[in-house]
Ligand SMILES: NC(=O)c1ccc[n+]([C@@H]2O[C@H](COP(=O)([O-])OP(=O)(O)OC[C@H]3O[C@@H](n4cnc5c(N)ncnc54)[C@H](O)[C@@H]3O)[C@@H](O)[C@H]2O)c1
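First, one chain by itself in structure tokens, the form predicted on its own.
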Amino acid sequence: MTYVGIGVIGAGLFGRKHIEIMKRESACRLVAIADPTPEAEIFAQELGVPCFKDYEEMLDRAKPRAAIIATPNVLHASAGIACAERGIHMLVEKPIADTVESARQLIEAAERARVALLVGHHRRYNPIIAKAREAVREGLLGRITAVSAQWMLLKAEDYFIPAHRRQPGAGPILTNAVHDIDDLRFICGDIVSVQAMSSNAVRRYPVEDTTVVNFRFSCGALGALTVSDTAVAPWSWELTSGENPFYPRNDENCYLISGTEGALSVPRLELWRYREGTEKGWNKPLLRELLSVETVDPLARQIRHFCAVVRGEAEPVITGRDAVRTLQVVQAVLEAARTGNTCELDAE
């Protein structure tokens, strides 16, 4: 199997995570880094690859077959368009862009150039999320009626030392809950309507620290998501899934999905149903079944999938058009919290 040469644009926290994964994967090889910081230059020297201050120069001189874009959100679209103009396939970190309009410009550029555009909603590669989606799609829960989701934990005070993390746009909705919104869309289907309330009552920063969101799904189900980065609580994907060893794992759930035939908890994957052939009702006993999944690194699976897409061997798990829908929902949440209005999402 021929490896895919990849250039990484942005060697910050997320860029380095991708590079560490790539070092262990035979399907790809790091060919260059683009990042203007002195730290990136030192990092590239340690890796034995060239480092360019300008990503366009990197694309022109290193000529990677594919690129991973891990820049600040505001640069996602411009870097992606530069890749598309050179016929370079790309994996863009989430969110796909900082605005829906710039995301659409990127999508159109990739489609014109006929290059792959994948977006780094990496949880879609986690077997837990994939199994939950499969359970819903196979009808094990019947018709989905209600979803309860939680993202509640306590961020350390030093997290807020950088000034931008105290400003609108860097709060838990856009930074953290974007993952949960994408999870819910992937498992339960599209979101068509949003209501929300936000508060900054604890830290008093300009950015929100707590938000409550109501969703209406296209299937007719209703959902609620509670988000807080100032809560001493174990109910978040980070603290329940065991996906990232940085976070201590708690034997709890962060999503509860209910339907007309059963219910499912995530990430514990407890499937609750009545025994087949027995009478159903609120005074009848439920059976609990644990759905089993393998343990894999979703970031490694994402890189392998990206390489397979570049080689023409697979279709993207998440396309640009799918990812922009998640961004639309996130922006609708922010708008609904700001105005107090219900935000309806268009069909596009």
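The shown structure was predicted, so the numbers you read here are calculated from the model rather than taken from an experiment. Start at 1 with the first residue shown and count on from there.
Keep in mind that the form predicted together with this ligand is missing from the display, and what follows is about it.
Contact annotation: of the candidates Gln45, Thr37, Ser292, Thr295, the single residue with a non-hydrogen atom within 4.5 angstroms of this ligand in the predicted complex is Thr37. Pro95 is the sole member of Pro95, Gly259, Gly223, Gly171 with a non-hydrogen atom lying within 4.5 angstroms of this ligand in the predicted complex. Each of Ala11, Pro72 and His179 places at least one heavy atom within 4.5 Å of this ligand in the predicted complex. Put simply, Pro267 is far from this ligand in the predicted complex: not one heavy atom of it is within 4.5 Å.
Contact with this ligand in the predicted complex, defined as any heavy atom within 4.5 Å, is confined among 225-233, 139-147, 120-128, 107-115 to 120-128.
Contacts with this ligand in the predicted complex, taken as any heavy atom within 4.5 Å, map to no residue of 263-286.
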